[in-house]
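The data below hold one chain only, encoded as structure tokens and taken in the form predicted alone.
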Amino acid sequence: MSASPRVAANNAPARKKQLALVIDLNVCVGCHACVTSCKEWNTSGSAGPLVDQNAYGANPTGTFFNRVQTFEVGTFPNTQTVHFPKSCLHCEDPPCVPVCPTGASYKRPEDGIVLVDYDKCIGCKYCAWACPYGAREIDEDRKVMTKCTLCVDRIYDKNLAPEDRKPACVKACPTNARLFGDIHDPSSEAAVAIRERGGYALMPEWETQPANHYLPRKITEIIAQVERES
């Protein structure tokens, strides 16, 4: 898929800059370092506190911006375990924004990040119903909708060293399975990975133009084929 600027479904001009994550499914080991680092950074930052209620009870609830789903694919005995991280995809044509009755959900024109203004949010959950990816969660304590911010309070923090101005999940990943950058900049690491390694968007049929992309599991498939032939 091309990383060049596109025209949104509503025929509005594509943004010049679109920050996003690119996740390499070949090397994600499902360690949940991205989940815990995301929780730690955001619960103590401008987005938090992210509440957990009855965390060790029969019906726990918790607010997470990032989750990792793990499942098996294939037919026994040739099965593989897939770890699939998922968070807000920062769609270029986000359906969560126009349904918000108070304007709390919005997309920043300067970098394409989709955010929530907690002062305006009334917790109606319209954005959660509109999102086809299940990326919105309600904070049961504050009664506001929450989501990944791409660590907007971190990536622009000039008090941090330039190499640390990345989302917490990217910094924490031990296998470098997460890339971050402007996918509309053809020379960026994220755009190059999408272009050269067959990066794809999740559920493109919804025509939301997700900014986050995934790199397909190709290395594992090649190894499995060699093992079967040997």
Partner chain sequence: MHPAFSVILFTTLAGAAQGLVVAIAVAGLAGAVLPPTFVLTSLGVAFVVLMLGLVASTFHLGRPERAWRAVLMWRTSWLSREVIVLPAFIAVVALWLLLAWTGAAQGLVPLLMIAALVLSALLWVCTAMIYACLKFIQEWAHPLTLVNYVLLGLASGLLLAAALGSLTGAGAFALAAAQWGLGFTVLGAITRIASLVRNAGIRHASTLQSATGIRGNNLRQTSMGMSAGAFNTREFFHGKPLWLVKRIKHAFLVLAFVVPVLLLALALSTGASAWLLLAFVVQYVGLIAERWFFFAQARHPQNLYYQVVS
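Positions refer to the first chain, counted from 1. If you're wondering where the values come from, they're calculated on a predicted model, not measured in any experiment.
What follows is about the form predicted together with its partner chain, which we do not show.
Peer 1: Out of Q69, S187, S44, N176, which one falls within 4.5 Å of its partner chain in the predicted bound form, going by heavy atoms?
Peer 2: Answer to the contact question: Q69.
Peer 1: Heavy atoms within 4.5 Å of its partner chain in the predicted bound form: which stretch among 36-44, 59-67, 167-175, 189-197?
Peer 2: Only one stretch qualifies here: 59-67.
Peer 1: Does any heavy atom of P109 come within 4.5 Å of a heavy atom of its partner chain in the predicted bound form?
Peer 2: Close contact is absent here: in the predicted bound form, P109 is far from its partner chain, nothing within 4.5 Å, heavy atoms only.
Peer 1: How about M203 - does it come within 4.5 Å of its partner chain in the predicted bound form, if we only consider non-hydrogen atoms?
Peer 2: Yes - in the predicted bound form, heavy atoms of M203 and its partner chain come within 4.5 Å of each other.
Peer 1: With a 4.5 Å heavy atom cut-off, would you call C100 a contact of its partner chain in the predicted bound form?
Peer 2: C100 belongs to the contact set for its partner chain.
Peer 1: So in the predicted bound form, does any heavy atom of R154 sit within 4.5 Å of its partner chain?
Peer 2: No, R154 sits far enough from its partner chain in the predicted bound form that none of its heavy atoms falls within 4.5 Å.
Peer 1: Heavy atom within 4.5 Å of its partner chain in the predicted bound form: which residues of 72-94 meet that condition, in order?
Peer 2: Heavy-atom contacts to its partner chain in the predicted bound form: E72, V73, G74, T75, T79, V82, F84, K86.
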